[in-house]
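What follows is a single chain, given as structure tokens, in the form predicted alone.
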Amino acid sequence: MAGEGRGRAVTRIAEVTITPVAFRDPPLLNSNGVHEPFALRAILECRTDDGLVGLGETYGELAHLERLRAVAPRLAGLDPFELNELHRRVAESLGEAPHGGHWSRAVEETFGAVEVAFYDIAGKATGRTVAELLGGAVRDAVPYSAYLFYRWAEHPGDPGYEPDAWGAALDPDGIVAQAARMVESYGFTSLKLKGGVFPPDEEVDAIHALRAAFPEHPLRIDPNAAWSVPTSLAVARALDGELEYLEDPTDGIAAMAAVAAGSSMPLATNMCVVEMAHIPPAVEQKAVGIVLADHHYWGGLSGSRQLAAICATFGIGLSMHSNSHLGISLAAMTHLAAATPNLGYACDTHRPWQAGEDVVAPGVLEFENGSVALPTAPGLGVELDRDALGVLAEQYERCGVRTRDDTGYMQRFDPGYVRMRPRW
């Protein structure tokens, strides 16, 4: 992306609007506890002096909102093509400087939120898609994986939350039934199970059941570091030949390296390698075979492309992490994945768990055979549905959730529940 001048009219940021929103989230279980009834996001609208609007989406927790609000006034007058200057202003607004050549996670998260909106503006200003600005699409549709969760049928003790149609999934049969519905509804061709909820033997049985039901689908399991090294090795042996990759079985680079040395399948991570400073020790210790990129915390789309280049240099595979998200993030993920040649695995997505709520106009981000077609309109290729934004903003005000707390929510129903790592 070029800087000012060179024969083009210069677009400047005139105003930034940040709207926190909440959307319904089912009771999905994980090693930290259970999802609360509402997930939080923040929607950014960056308006230019010539009427263009760039969209961004990011975390909606209070601490992140405070950082966004601290940065927003510093963006006025900035050329959205000047990403280096954006990075500098974000860091300066947060009172930080790079440490050892790396920005802090807080800076990268905040920069990433605004940078997507700037890319959206740049695409609209030039008539190009974001994928084109990232170097050009190498695929016209991006494959995603079904994200399977152990879950309750409803949020207990919350009469105001309407149960969805998915029902409970608390054993292998429930997981297989959930997978079958995911495959039928969205055409997913790979399956990922969020583990770390039940004793490992039970989750191994669930993978065996999935393999029997879906013999051609690549399988993954992610216990979010709930297992010790010996337990991780035992699970790896039990699932030898059945997994595409084993994601974050244990905690930390050294422990992951110990598991990787004794496992037949590659290990993936979005926990022990989440910033540039983690890459040298992970490479040196051969701790991971696949890194899950996420533009929300890897320094936006440009930082994620730097990560992709590093992974290619060291022969590390690349996939994409997901948290609860809306359509602006899905569009950004799709453009990034489409323009990343060495992204060799289907990306994660929480999209099926959104209960139909979104802030973008429908009809663009649809799943066909488990993939999302690359939007073709300039920028991100999605338009804000202002009425829907208003509904989710009102829902944010009413719901009372301001910070994600899976453990605290679980303790409302199981007072003895303790978050621990490893649990087994």
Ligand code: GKR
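Position 1 is the first residue in the sequence shown; the rest follow in order. Predicted model, so just to flag it, every value in this text is computed and none were measured.
The protein also exists as the form predicted together with the named molecule; that form is not presented, and the subsequent description refers to it.
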For the three residues Tyr144, Ser319 and Thr340, verify that every one has a non-hydrogen atom within 4.5 Å of the named molecule in the predicted complex; reply yes or no. no
Arg402 near the named molecule in the predicted complex, any heavy atom under 4.5 Å? no
Spell out, yes or no, whether the shortest heavy atom distance between Phe149 and the named molecule in the predicted complex is within 4.5 Å. yes
Under a 4.5 Å heavy atom criterion, is Ser263 part of the interface with the named molecule in the predicted complex? no
Asn30: heavy atom within 4.5 Å of the named molecule in the predicted complex? yes
If you check Thr126, Ser228, Asn224, Thr189 against the named molecule in the predicted complex, which one has a heavy atom within 4.5 Å? Asn224
Consider the chain as shown here, without its partner, and state which of Glu115, Glu108, Asp348, Glu203 has a heavy atom within 4.5 Å of the named molecule in the predicted complex. Asp348
Tell me which stretch of 319-327, 136-144, 81-89, 178-186 has a heavy atom within 4.5 angstroms of the named molecule in the predicted complex. 319-327
Contacts with the named molecule in the predicted complex - residues in 234-258 whose heavy atoms fall within 4.5 Å: Glu247
